[in-house]
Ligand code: PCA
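Before any questions on binding or motion, here is one chain by itself as structure tokens, the form predicted on its own.
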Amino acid sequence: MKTMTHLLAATALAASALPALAETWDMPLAYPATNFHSETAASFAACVGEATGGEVEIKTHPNGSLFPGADIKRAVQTGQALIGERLLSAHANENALFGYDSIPFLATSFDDSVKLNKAALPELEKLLESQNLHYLYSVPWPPQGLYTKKEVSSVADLEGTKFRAYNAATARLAELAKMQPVQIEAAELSQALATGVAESFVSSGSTGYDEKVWEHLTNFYQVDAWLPRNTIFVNLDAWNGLTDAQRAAITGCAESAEAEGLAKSKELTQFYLDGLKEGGMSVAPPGDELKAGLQDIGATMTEEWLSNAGDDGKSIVDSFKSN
């Protein structure tokens, strides 16, 4: 009996000295591998592998190749994938708080985007946790501009246009401008423009550059409507199953990735605009009449969002404005 006790103790000691079994996490991404968000995610994945000594390996799947953008959040919630990246504002119909970063003309600069995200984070983390998700980091897109296939000088000029929507905010903007909203994910945008399913949309210079939209559209108006953020989250059960050391390592990589992604977004903003010009597009600020019309729409949408988001939404906006 004594010998068996010693044997069990020795076995336990040997097992504790072994490295933890390696885990591989698939990470679906909605955007092309060459997009700066996907590149940041790949850098994050490499960091995690190194920081955990290979105990957690992350494999990225860009351009909707594993799950389409619309399915990524649900896939991570249910454990079909253990980590993923998603434009959470696309889920604002599910909960208005997910659209905090797409309130028109509230946060229109990188500094304001960072400030707004900080104000929203406590409520956002609680909301994600209630859905079996753990927040890791988020990165803003460059400011959103208006793409059109013709010159427009007022909101009235947009009436009847088939408008690509990617979240509740863009769909509502289309309705208020009397356009026809069509829900289209990023991976489907190029085909939608080529076939005439969409004729206009609001997005950053990055999207236009990646998709070479100058092949179908002619104008980009720098309306700086908002800076939506791509958020990276992990399945909460998987997160809770990690060791403290693994969680600390991944959190450190997430902080580095957020800083890297923000710097890239700032750095590439002008590069993308220059690329649109080189492709043959007209790139310019909106005229006074178009700007005023869009800001009127923005004021309506802000009031609607505050009504839908309730006290939590109001506290986010109040905190943002007070800092």
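The shown structure was predicted, so the numbers you read here are calculated from the model rather than taken from an experiment. Residue indices: 1-based, along the sequence shown.
Although it is not shown, the form predicted together with pyroglutamic acid is what the next lines describe.
When contacts are defined as a non-hydrogen atom within 4.5 Å, none of 105, 169 and 302 contacts pyroglutamic acid in the predicted bound form.
Residue contact with pyroglutamic acid in the predicted bound form: residue 31 places a heavy atom within 4.5 Å of it. The closest heavy atom approach of residue 88 to pyroglutamic acid in the predicted bound form falls outside 4.5 Å. Taking non-hydrogen atoms only, residue 207 approaches pyroglutamic acid to within 4.5 angstroms in the predicted bound form. For the chain shown alone, residue 228 is a contact residue for pyroglutamic acid in the predicted bound form, at least one non-hydrogen atom being within 4.5 angstroms. Among the residues 92, 155, 186, 146, the one placing a heavy atom within 4.5 Å of pyroglutamic acid in the predicted bound form is 186. This chain is displayed alone, yet in the predicted bound form one of 203, 219, 117, 200 has a heavy atom within 4.5 Å of pyroglutamic acid; that residue is 203. Proximity to pyroglutamic acid in the predicted bound form, taken as heavy atoms within 4.5 Å, picks out 161-169 from the listed stretches 105-113, 161-169, 175-183, 243-251.
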